[in-house]
Ligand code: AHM
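The chain below stands alone and is given in C-alpha cells; this is the form predicted on its own.
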Amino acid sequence: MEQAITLTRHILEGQKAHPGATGEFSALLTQIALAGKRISFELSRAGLLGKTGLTGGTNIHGEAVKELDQISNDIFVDCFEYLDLVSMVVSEEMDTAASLKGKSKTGKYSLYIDPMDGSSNIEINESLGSIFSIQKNTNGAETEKDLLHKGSDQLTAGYLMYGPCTMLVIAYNNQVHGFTLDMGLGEFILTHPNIRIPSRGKIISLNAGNASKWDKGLQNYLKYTQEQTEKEKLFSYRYSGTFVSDFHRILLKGGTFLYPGEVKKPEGKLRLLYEVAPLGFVCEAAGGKASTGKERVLDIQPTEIHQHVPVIIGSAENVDEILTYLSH
C-alpha cells in the first residue's frame, strides 16, 4: 500500500527541489494548516457550546459579526503572532491592518484573510471556509498603502473548506494541490494533486434573486442559460452562499461562479484582497479565469484594503462566453 503524502512531507520534498530554499515558505504553510486544524476543531463543537450566535458587534462592511468570525480571526492572528516572518495582517474582521507584535519593520511577508467565509450559514450547519493570501513585502509594510499589491504578486493563496471533511487547497508555483484533514492522524493528506479545472462546465453558481439589478448583458446571459437548460439541460444551478464551497465545486467539476456588480452598485459585494484575488490566483493556477467583467482580477491595482469588486470566475470557456454578453 502506497504511503500517504502528508502536507509536511509534500512541503519538505518541494524544498529539496529548490536548493536555495530557506524554509520560510514551509513555515508559512505549516501555520496556515495549524489555523485550519484549530478552526475545524472549534466548528466541530460550536453547536454544542452555543458558539453559533452573534457577538453584538459589526465589521467595517456593516455586517453583524458572529462569534465564530471573531474566533477564527483570533486563531489566524495567534498562529502567526510569534512567527517572525509575517509583519502585517489584513482581515475582513479588522477595520485596519494589524501589526504583529511590532514586527512591521522586520517581517518579510503580509497575510490577507477572510477567516470565516459564509458565516451566515453557521446556524444551519452548512459548509464554511477560510480564504488566505500571502504576499512578500517589497517595500516594507509600515502603512496600509504598502499592502496594496496586485493579485498577480501573491506568493501563495488558497482556502480551507469545512464540510463533511476539512480540506486545504493551496496554489503556488502555478500548481494547485488539495489536502484532506485526517482527524485520526491530525495531518493534512494530499488527496487532490495538481488540480486542473475543466475548460468548460455545466455548473452556474449565482444569486439569481438579484438579476433585476444587473447589467442588461448579464440578464441576457442568464436568460440564455435558462433556455438552454430547459431545452438540453446544458447548465445546472448551484448556490450555497459560501464563496469557498461554491468555488470548490466549480474548481473540481467546471462551470462559473458569478457575483456581479449592480447597475446602482457596480463595485459588487466581495472583497478584492482577501476573497476575490486569492481565489482568482487559485483559479488561474488551475487553468481557469477570473474577471470583473472588465478586467482580469489579478491585474487590479488595489486602492484600499477593503476594496470591493465584482467577479466572474471559473472554467476558461465559460468565463469567455459570459464576457461576450457583457461586451454588447
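All residue numbers are counted from 1 along the displayed sequence. Here the structure is a predicted model, which means the values were calculated and not measured.
There is also a form predicted in complex with the named molecule; it is not shown, and the following applies to it.
Taken together, the three residues Ser119, Thr242 and Tyr259 all come within 4.5 Å of the named molecule in the predicted complex, as judged by their closest heavy atom.
The listed set Ala27, Ala286, Ile300, Leu270 contains one residue whose heavy atoms approach the named molecule in the predicted complex to within 4.5 Å, identified as Leu270. Heavy atoms within 4.5 Å of the named molecule in the predicted complex belong, among the stretches 179-187, 150-158, 108-116, 221-229, to residues of 108-116. Although the partner is absent here, Ser199 is not a contact residue: none of its heavy atoms lies within 4.5 angstroms of the named molecule in the predicted complex. Contact between Thr96 and the named molecule in the predicted complex is not found at the 4.5 Å heavy atom cutoff. Within 4.5 Å of any heavy atom of the named molecule in the predicted complex lies no heavy atom of Thr143. The named molecule in the predicted complex is not approached by Asn194, whose heavy atoms all lie more than 4.5 angstroms from it.
Counting a residue when any of its non-hydrogen atoms is within 4.5 Å of the named molecule in the predicted complex, the one hit in 274-304 is Glu275.
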